[in-house]
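Listed next as structure tokens is one chain, alone, in the form predicted on its own.
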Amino acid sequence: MIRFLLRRIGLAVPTLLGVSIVIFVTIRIVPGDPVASLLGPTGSAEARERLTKDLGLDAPIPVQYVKWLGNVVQGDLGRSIAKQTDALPYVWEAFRNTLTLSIFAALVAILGGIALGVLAATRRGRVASGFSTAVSLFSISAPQYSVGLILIVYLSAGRGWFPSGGMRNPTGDSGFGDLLNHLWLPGISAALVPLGIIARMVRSSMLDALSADFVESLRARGIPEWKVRWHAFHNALPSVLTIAGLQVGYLLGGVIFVEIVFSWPGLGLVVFQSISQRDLPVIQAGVLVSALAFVVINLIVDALHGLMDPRIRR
């Protein structure tokens, strides 16, 4: 098992290196000039030259990349151009907020997806199966931001059941209950696509398991049906775990529209605002942290997969 994990970690290192190259090059080729956005139209040539040198933008791109990567390895993600503060604390606080939203959405997606998938697989040809399939297809097809706006209009503005945005109430209680109250609408909106994908995967894996020979053998022995289905679900669990891990990673980088709609102070909203400000260090730091989190989640999923299925380790 240790050798298996070391191989996975060894594969993660070049993956992160490739991601860092893509991030750095993409940011540099995007149209726009951070120096011009900082100085404005009235900036002199001398001030522009001085600021370009201070930001390190006068060096060749390979030199800039090596210097940036060296700083990243030491924990220095640069300094925000717009806020004139270190990018790491700013990005880390936003990432924690995104992680909170992603964990809540992942719980909704995994629990709801498993329930819908099992229902569709074990109630084939019945109304419950059709309902489960319709819900999973709707959740995959419906745009998250559109669902978010509908929830705001009807459940927040119309009914007043939930707040329309933000993470905490600035004038009242800011405890766990207040956070949970703010989580419901963005969490459900963010969980829609992963919920539908997990439900479809659970249904397909369960149907394959239920049609296997060992299921007929268990039934022939007189094993209760709920135990037979539990064995089938246990055999389908590795593939379900893999797709669930990918969806959790997707949530960390894919909730940007939800964060914008609900003004959730997460990493997606920070990166979105930094793009309009041409704040290159914050953009690079935000995308790099998201990529690192995605790789770590996949390592955890691989480890769990290896524990459940010895064939994966071999």
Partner chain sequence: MTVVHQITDPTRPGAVEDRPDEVPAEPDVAPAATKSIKRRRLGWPARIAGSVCALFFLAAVAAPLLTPFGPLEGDRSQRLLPFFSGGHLLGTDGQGRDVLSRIIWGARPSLLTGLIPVFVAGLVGTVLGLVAGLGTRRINSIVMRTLDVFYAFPAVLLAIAIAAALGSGTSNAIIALSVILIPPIARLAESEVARIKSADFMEAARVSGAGWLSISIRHVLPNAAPAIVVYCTALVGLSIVYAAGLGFLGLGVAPPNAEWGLMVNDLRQYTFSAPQISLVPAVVILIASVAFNVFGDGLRDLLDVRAEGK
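Positions refer to the first chain, counted from 1. Not measured: the values here are computed from a predicted model.
From this point on, the text means the form predicted together with the partner chain, which you will not see here.
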item: In the model of the complex, the one of L149, L155, V72, L179 near the partner chain [non-hydrogen atom within 4.5 angstroms]; value: L149
item: Per-stretch contact check against the partner chain in the model of the complex, the hit in 101 to 109, 211 to 219, 181 to 189, 72 to 80 (non-hydrogen atom, 4.5 angstroms); value: 211 to 219
item: Joint contact, S129, F138 and V193 to the partner chain in the model of the complex, by non-hydrogen atom at 4.5 Å; value: yes
item: In the model of the complex, F272 touching the partner chain (heavy atom, 4.5 Å); value: yes
item: The partner chain contact at Y145 in the model of the complex, heavy atom, 4.5 Å; value: yes
item: Contact of Y65 with the partner chain in the model of the complex (heavy atom, 4.5 Å); value: no
item: Distance check, A121 to the partner chain in the model of the complex, heavy atom within 4.5 Å; value: yes
item: Those residues of 188 to 211 which, in the model of the complex, come within 4.5 Å of the partner chain by heavy atom; value: V193, I197, R200, M201, R203, S204, L207, D208, L210
